[in-house]
Ligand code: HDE
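Let's start with one chain on its own, the form predicted on its own, as C-alpha cells.
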Amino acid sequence: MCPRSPARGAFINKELSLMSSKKPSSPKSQMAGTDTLDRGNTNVKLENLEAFRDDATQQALRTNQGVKIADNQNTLKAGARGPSLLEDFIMREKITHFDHERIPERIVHARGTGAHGYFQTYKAHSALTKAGFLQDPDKKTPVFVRFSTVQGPRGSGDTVRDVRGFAVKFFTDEGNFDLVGNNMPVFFIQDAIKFPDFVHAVKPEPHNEMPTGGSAHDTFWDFVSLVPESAHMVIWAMSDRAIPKSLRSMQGFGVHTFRFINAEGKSHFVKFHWRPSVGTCSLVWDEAQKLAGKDTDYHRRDLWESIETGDYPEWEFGVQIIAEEDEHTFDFDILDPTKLIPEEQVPITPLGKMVLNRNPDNFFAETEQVAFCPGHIVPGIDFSNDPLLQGRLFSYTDTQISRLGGPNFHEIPINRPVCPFSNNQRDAQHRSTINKGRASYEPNSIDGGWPKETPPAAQDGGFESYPERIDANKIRQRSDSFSDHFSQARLFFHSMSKHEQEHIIAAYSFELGKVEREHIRARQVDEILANIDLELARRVAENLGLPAPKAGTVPARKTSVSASPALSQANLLPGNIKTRKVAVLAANGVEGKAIEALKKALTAQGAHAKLLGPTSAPVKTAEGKLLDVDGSMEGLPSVAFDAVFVPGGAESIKALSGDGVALHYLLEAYKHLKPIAVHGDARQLLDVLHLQVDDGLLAIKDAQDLKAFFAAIAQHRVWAREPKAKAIPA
C-alpha cells in the first residue's frame, strides 16, 4: 500500500465504522469534535468523517497509481525539440483527469456554498420522536449545510433576488437525515408534476439565455400570473426575504409537513424551522445590485470569514407540532406547500441548536459533490401526503444519479454515513466498497444470513413507515382544500411593516417593468395582486402605467389570523450587534485614541471594526503613530459593512473632505440607511455633503459615548431616513 493512498479500511464499511486511530489532518478538522457515538458494541468517533481527507504536506508528488514523479514540468519528447510521445503515461493521466474535472451542475440550486458543524439537542424529546439525534443533550451530531440560490448557474451572483436553499445533512448514528429546505416557508406550486414547468419558466429564456440569476422576465411572470397558487410564494420572493443580508442571517424552513413518531407509535405532524442567532435581516435593493458587481461572492465570503474568525453561525432548530386529530382544524390544508402555519396558531417548540464551525477543505469534493435527498430520513421521522414532497422523494435521488455518475453517490466521502451500512447492493459506476462474502442476496445461508433485517420492535429497531390508513380511488385531482390561493399572500403583506410593504411594491414594479408583454403585466396586476390587496395592485399599476383594478376577481376569504408579526423581519432582530462590521474611515492626522476607543467598545459587544484609508498604505495618527489599515475605501466599499465611523483629527478630515471616494463612501452608506457616526472634527463632513443628523447619523463629541451609535446598529437600518435617502444619487 503506497503511503498516500487512503487506508484500505476506509473503503470497507465495517472497518470504517471501527476505525478510530486516524487523526484529523489539520486543526480545523478538530473543530467538529471527537465525541463518541454509541452504536451497540461499536464506538464510532466523529473523526471518521475525516478518513478521506488528504494533506499533502511533506509528501512526494505521485501519479494516481502511486508512482513518484521526477519531472512535472515537461512532457516526454523525442529530443528537446522533438514530438511528444504517446507513452508519456504521466502527462496522459494528468490531462485526462483535467479534461473530466467538471460534473453537470445542479439544474436548480447550482450556485451554493457550505460549511461543517454540529447539532445538539436541548433535551430528550422522546415524547415527540424516537429519532436518536434528538435524545441526548450531551451528544453533538455532525452536520454539513449547503446554502444556495435557485435560478442562476454556478457562476451567477450571490445577492440576486431569489429564493435561497437551506439544506442540512445530519450524520446521525442511525443514518443520514437530510432536511432539504429554503429560506421561505412555502413554495410556488402545490403538486410536483408542475415542478418542471415552474423551473423552465424561471430559468433564463431559451432564445437568449437571459437573464442570469433573476426572475424579471416574461416567461416567469407569464407562468405565475396563470398559476394563482404561486401568489403566496411570489410575494415572499418580492419581499426583502429574497435579498438576505447574509446566509447566517437567514431563517430556514422545511417547507413541507412531516411526521414525528415516538417509540409508542404516536404520530404528530410537524413543520421544521431554523432561526439564526444574529437575527433575520436583508439588504436594500440598490445595495444588493451593487454588491452583485463589486463582490459576486459576497455571501460566500461572509460565511467563510465568519467561521475563520470564530463568529460561528448558529441557528435554533424548532418545530410546529400539530396533533393528528387537529389536522383538519385550520383555515387551510396543512399538506398544501403554498401555506404556512401562523405562529399565533401553533407556536414553535425549540428542539436544539446548530453551529457551523469549520469551512470545507475542498469546494468540489464537499460542497459540489454533497447530495441531499428529502427521502433520506431516520426512524422517528416520516413523510406526509404533501404532493410536492412526494414528488421530491423521487426527483432528488434521480437527479443525484445523473449528476454524480451513478447510484453510488452515497459512497462519496461527504455523503457517507458515519454509522455502518451494509446491504446487498453491488457494483455500478464509482463503486468504492470492496464487498466480501459470496451472497449478495437476502435471505441467504451461505454467509450466515448476513446482513439481516432489524425488526422495528427491537432496541435500535429498523425503520418502519407510519401505518397511515388510506382508502381512496386512484384519481388525478387537486383537493378542494388546496383551492385558496390568496388569503395567506394577503396575510403576509398585511403583516409587513410600512417600509417592507414599500419594498414589495417596488420589487413588483421593478420586475414587471422588465416584462416585455403588456398583457402579462396586466394579468399579474388584475388577477393576482388585486386579489391580494387593492392598494398593492393600484400602486404597482400606477408604476407600470396600467389602469388600477377596482376589485379582485375572486371573493376574499375570511381567516382566523389577519396579521402575523412573526412574518416581519422588523420583529426578528437579536437586540445586539454581535458580528456586525463597522468601517472606520481615516487619513493621515486621524485621532488615534478615537479609533482605539471604538475598537475596544466593539470588541466588548462581539462586533468588528476595519480601518480603511485612502490607499492600502498605513495612516499616521495625530499622535505620530503608524496604523496598518485593513484595506482602502475603494477596495472595501460601504456595501460590505453594517455601519461607518469617522474619527476626528483636523488633518484627516481635511484630506477626506477633498477625497471623492471618501465622500461617496459616506453618501452611499447614507443612501443604504446605515448608521453613521462622525466624531469631533468629522462633523464638518456633514456640511460638505449637506446631510442632517438623524437617529442613525450621529455627531459624537466624546469617542467613549457610543451608546446611541450601537443602538442604531442594532436596528439594522435607519428606516425613517428612507424617503430622504431616495434623493441621493446612486
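Values in this document were obtained by computation on a predicted structure and should not be read as measured data. Heads up: residue numbers just count along the shown sequence, starting at 1.
There is another form of this protein, the form predicted together with this ligand, and it is not shown here; the text below is about that form.
Only one of 582, 291, 340, 180 comes within 4.5 Å of this ligand in the model of the complex by heavy atoms, so just point that one out. Answer to the contact question: 180.
Note which of 109, 271, 358, 608 lies within 4.5 Å of this ligand in the model of the complex, where distance is taken over heavy atoms; exactly one does. Filtering the options by heavy-atom distance leaves 109.
Just checking whether residue 400 would be counted as a contact of this ligand in the model of the complex - the rule being heavy atoms within 4.5 angstroms. Output for residue 400 is yes: heavy atoms within 4.5 Å of this ligand.
Does this ligand get within 4.5 angstroms of any non-hydrogen atom of residue 256 in the model of the complex? Yes - in the model of the complex, heavy atoms of residue 256 and this ligand come within 4.5 Å of each other.
Contact flag, residue 641 vs this ligand in the model of the complex, heavy atom cut 4.5 Å: Judged by the heavy-atom cut-off of 4.5 Å, residue 641 is well away from this ligand in the model of the complex.
Although the partner isn't part of this model, could you tell me whether residue 192 comes within 4.5 Å of this ligand in the model of the complex, counting any heavy atom of the residue? Residue 192: yes, in contact with this ligand in the model of the complex.
Where does this ligand sit in the model of the complex: which of 632-640, 141-149, 439-447, 305-313, heavy atoms within 4.5 Å? Going by heavy atoms within 4.5 Å, the stretch is 141-149.
Members of 481-505 lying within 4.5 angstroms of this ligand, judged by heavy atom, in the model of the complex: Result: empty, none.
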